[in-house]
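In the form predicted on its own, a lone chain appears below as structure tokens.
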Amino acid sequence: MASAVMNMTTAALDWVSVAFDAPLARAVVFGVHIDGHLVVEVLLVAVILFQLTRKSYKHPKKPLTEKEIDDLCEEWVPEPLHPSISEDMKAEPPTLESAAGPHTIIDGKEVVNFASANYLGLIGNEKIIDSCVSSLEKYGVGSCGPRGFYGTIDVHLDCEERIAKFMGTPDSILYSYGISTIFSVIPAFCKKGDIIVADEGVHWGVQNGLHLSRSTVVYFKHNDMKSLENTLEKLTRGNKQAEKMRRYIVVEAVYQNSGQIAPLDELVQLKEKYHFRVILDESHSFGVLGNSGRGLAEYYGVPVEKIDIITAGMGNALATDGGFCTGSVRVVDHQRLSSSGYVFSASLPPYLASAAISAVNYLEDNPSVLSSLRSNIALLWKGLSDVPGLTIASHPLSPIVFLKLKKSTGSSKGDLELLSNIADRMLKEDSVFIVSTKRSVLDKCRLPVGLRLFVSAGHSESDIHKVSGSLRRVAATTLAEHL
């Protein structure tokens, strides 16, 4: 088609040239021979210049009438601010009417609480309450400013020093909100062009940090060191460009979505073999694992300096709020200027920092609380070993006892409906409060849903027997048709 048009154009130009060549065959201007071709080219240039310089034609604007404007406004439908909300999204969780201790009040009724991560049973501890009262009287409630803008109070520095001393690290830094710690720390160090290898089971806070970093993120199978090694091998083998990139492995010590414990000894070996850095979230292991509650490194006997960055929320074992990151002085100092959760958030209320110091002191002075916690975990494992239709998927030392369906319905939504029904019935019929792993639309975790029971050192044997008996009875009737 294009060649045909070109041929026609060439033929037309030749015809015009011939037509002009006859009368102008002998025309010479200023020594230049004027032929038909030159005349045609000059005319074309003139037409092009005319078209470029002329004003474009615009259709005269006719203002809309009031009726036309009203009709357009009635027809206009704005884009929704949020996706459609289903009925299961409207479900309201139970509201606690007292402290979230081993026993709490819901709808005016006392219930046994296995839904709060009060691992050391420190909610309601008198020494911690006294430290909070003293701090409130001295500092008031809030700090009214970020740490870098007159929001640093001496108790913040005391708390950072206390945590660093307890963990055996050179320095630490406090954050105002537990979950913001990990998703501020990751993008503070990981940038666009970096490589992050992360466990597929990490919780939403870690996922958000990975997203905010804009790094290249590669996931490995949950808690599978062989899968991690294969992933590291593929990324580094023969890749000279990867050697110049910053490379990280991001894992949780105790996974919130499964209750599994990361094999830190193997992970450190892989880190050193492939020259990666490790970012470890210890929100559910700090104050729980190890002989003195110092976390995963103590549990495995790995020197803490082999872990590049450690983060943890203080809203679990320490029964306060906020979070911290600990490591080398350079790691901590970098965050004071580059971590959004630290730089732009009002600092941790002073009384919460005082509570964290008191909680760490309590843990150090009362190591027997860890024995109580482990005894309760073992007793609960024994009681849940034969629950119809459910199986324990968590680690035997994890304070999160995680149960999943032996036989899935085929969809996460169907599984969650069954599990939520079990949790609801246990609360209504037996006054036992447990939770299912409800996930928001933002949570991209790839692991199966399940029931989570948070064990506390404050639970009694009768509490353990009650939740075990209730779960066996309710699961047997609820899952009867599904078994």
Partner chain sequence: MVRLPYLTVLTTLFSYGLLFAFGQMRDFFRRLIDWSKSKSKDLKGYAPICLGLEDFYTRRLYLRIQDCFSRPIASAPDAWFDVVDRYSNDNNKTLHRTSNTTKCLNLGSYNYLGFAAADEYCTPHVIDSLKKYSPSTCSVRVDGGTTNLHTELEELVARFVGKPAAILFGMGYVTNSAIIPALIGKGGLIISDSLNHNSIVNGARGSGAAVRVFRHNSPSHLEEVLREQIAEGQPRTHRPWKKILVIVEGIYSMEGDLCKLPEIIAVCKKYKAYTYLDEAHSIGAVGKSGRGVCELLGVDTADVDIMMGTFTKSFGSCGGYIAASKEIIQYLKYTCPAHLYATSISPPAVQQVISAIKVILGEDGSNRGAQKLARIRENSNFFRSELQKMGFEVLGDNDSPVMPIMLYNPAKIPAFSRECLRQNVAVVTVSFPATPLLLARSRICISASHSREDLVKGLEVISKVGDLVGIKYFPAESPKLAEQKKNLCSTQLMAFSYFEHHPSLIDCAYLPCMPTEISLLPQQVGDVTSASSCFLHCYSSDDDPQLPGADAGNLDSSDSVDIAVLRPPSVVDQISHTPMVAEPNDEKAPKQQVSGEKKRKINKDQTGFVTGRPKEGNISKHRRPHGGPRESNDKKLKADDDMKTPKPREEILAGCIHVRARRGEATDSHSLAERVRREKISERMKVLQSLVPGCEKVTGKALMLDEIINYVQSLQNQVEFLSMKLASLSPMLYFDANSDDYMNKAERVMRSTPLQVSYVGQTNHLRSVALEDGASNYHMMGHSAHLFLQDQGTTSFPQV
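Numbering follows the first chain given and starts at 1. None of the values given here were measured: they were computed from a predicted structure.
The discussion below concerns the form predicted together with the partner chain, not included here.
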Problem set entry | in the predicted bound form, the residue from E74, D386, D365, E233 that sits within 4.5 Å of the partner chain by heavy atoms | E74
Exercise. Can you pick the one in L280, V369, M167, C132 that has a heavy atom within 4.5 Å of the partner chain in the predicted bound form?
Worked result: C132
Seminar exercise, completed: Of 289-297, 388-396, 138-146, 219-227, the segment with heavy atoms within 4.5 Å of the partner chain in the predicted bound form is residues 138-146
Problem set entry | Partner proximity in the predicted bound form: S340 to the partner chain, non-hydrogen atom cutoff 4.5 Å | yes
Exercise. Just to confirm, D70 within 4.5 Å of the partner chain in the predicted bound form by heavy atoms?
Worked result: yes
Exercise. Does A100 make contact with the partner chain in the predicted bound form, using a 4.5 Å heavy atom cut-off?
Worked result: yes
Exercise. Is D443 a contact residue for the partner chain in the predicted bound form, using a 4.5 Å heavy atom cut-off?
Worked result: yes
Exercise. Three residues, G301, W381 and L405; all within 4.5 Å of the partner chain in the predicted bound form via heavy atoms?
Worked result: no
For this session: Output the sequence-ordered list of residues from 145-171 with at least one heavy atom within 4.5 Å of the partner chain in the predicted bound form.
Result: G145, P146, R147, G148, F149, Y150, T152, I153, D154, L157, D158, E161
